[in-house]
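Below you'll find only one chain, the form predicted alone, shown as structure tokens.
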């Protein structure tokens, strides 16, 4: 298997001969063709140095003020310092950047230079200085897009890993919040941070997460979406076993419950594991509202999920196989509206399902100024025209509309797509076997959900298997009744819910 270019140089270490080390880095970075890497040689303290950084990733004024000027300003007595101690001397006496360290591994220096840091190569010293000078352009913290709430924080993650970690520390101001930095991707590494609460997250869960991340053998990992696919328990399941969220407050709440949060460079969201089915159905603002309001909205959401999953299949089963279960007045109305329709009920449902999600996908991909117009105009015109032309019956329009609305109340987008595929499968089974097929499909789905695990934790817990838990599953009872720590956390954790006196 071919190695990446200059792999032998990357495995080496600094030699202390400045000219040779500079040539090594120029070879690795592909100079003179590569115009983004800056080599700034200069003299200070009686010896030669060279600052290496990536233009646009490092901030020029930081390099100029805190490295170049600082090195020129230190005492000329540095000439008396032994050559192999020059890096340590500069670190203690000259460099004015707080985050700086010694480093002699070529590969580490190269990766950090590409990430926006500046490497200072020193003649006669086999150690270089690695300094924090990141200053690349990034998006400011803005409102969330796909997880909007009425009550609660309005901040969302951005594409900067450092900013996202800072957001997490703003919400969890505890020294027990640990952030472990690592990389995934063998050829093009992606920097990620694994965040957890020390003494709250289970050690076996942490060990499993570290193991799975370490075992990723992909050459390139493009963000957390691909990382999720590489480390999840059941990749062929239609149900996501990890949670992607763009809300720092939700990620902070999960990490305090003993779950693990992964952040990545370039990813404006966080990956959370382990999770349960109920994490995918709960919304952030459920907790911020009074318990009566949160419980009511959660009840509406659960009904919407049931409508989305079962309503089209139930309509197909009843109209094709069990019309005697439909009230006579409603059955007569359905028969009258379908009298001129040339298609079967199954064809009608599938055609409208396709049309509905075609409009939804179109409104998502086109510019935002036109998205809402396309959704409204497309839905109204197509629906009305289809009914007027006797292609689709009005009852099917109602069924598909309720189904679509129910699908949109699911907070997790990935779960929404999975529910769509499951709904189509239930429609086909119901068309074959009627209510028996619908019942069999629901039973098989429940068995599948009970067999799933998220990072080793049961996906349907605390219901199946039963675990002691707070009254915050289907309904959200008053906050003073929620005294337990989430069952995913350590049993002997130092973090306890406040109890009533």
Partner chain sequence: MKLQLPLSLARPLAFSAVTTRLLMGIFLDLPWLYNAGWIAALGAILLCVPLGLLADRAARACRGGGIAEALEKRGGRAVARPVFALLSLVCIYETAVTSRVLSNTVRHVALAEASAISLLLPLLLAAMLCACLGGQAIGGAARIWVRVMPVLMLIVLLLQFRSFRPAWLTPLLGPGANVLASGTVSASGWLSMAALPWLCADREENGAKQRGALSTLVTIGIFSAAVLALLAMMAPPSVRTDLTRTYQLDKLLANGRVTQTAQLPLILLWYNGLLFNVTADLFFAAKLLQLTFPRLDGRLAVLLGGAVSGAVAMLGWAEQRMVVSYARWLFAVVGTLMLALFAAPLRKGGKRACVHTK
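Positions refer to the first chain, counted from 1. No experiment lies behind these values; they were computed from the predicted model shown.
The following text describes the form predicted in complex with its partner chain, which does not appear among the structures shown.
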Problem - Three-residue site 96, 134 and 136 fully in contact with its partner chain in the predicted complex at 4.5 Å by heavy atom - result: no
Practice task
Indicate whether its partner chain has at least one heavy atom within 4.5 Å of a heavy atom of residue 436 in the predicted complex.
Solution key: yes
Exercise for the section: Would you check, heavy atoms only and a 4.5 Å threshold, whether residue 230 touches its partner chain in the predicted complex? Expected result: no
Problem - Proximity of residue 491 to its partner chain in the predicted complex, heavy atoms at 4.5 Å - result: yes
Exercise for the section: Using the partner position in the predicted complex, report whether residue 327 sits within 4.5 Å of its partner chain, counting heavy atoms only. Expected result: yes
Fill in the blank from the handout: Only hit among 40, 69, 26, 453 for heavy atom within 4.5 Å of its partner chain in the predicted complex is 453
Problem - Residue among 64, 444, 473, 31 with a heavy atom within 4.5 Å of its partner chain in the predicted complex - result: 444
Practice task
Sort through 108-116, 161-169, 315-323, 345-353 and report the only stretch with a non-hydrogen atom within 4.5 Å of its partner chain in the predicted complex.
Solution key: 315-323
Fill in the blank from the handout: Within 224-258, the residues having any heavy atom within 4.5 Å of its partner chain in the predicted complex are 234
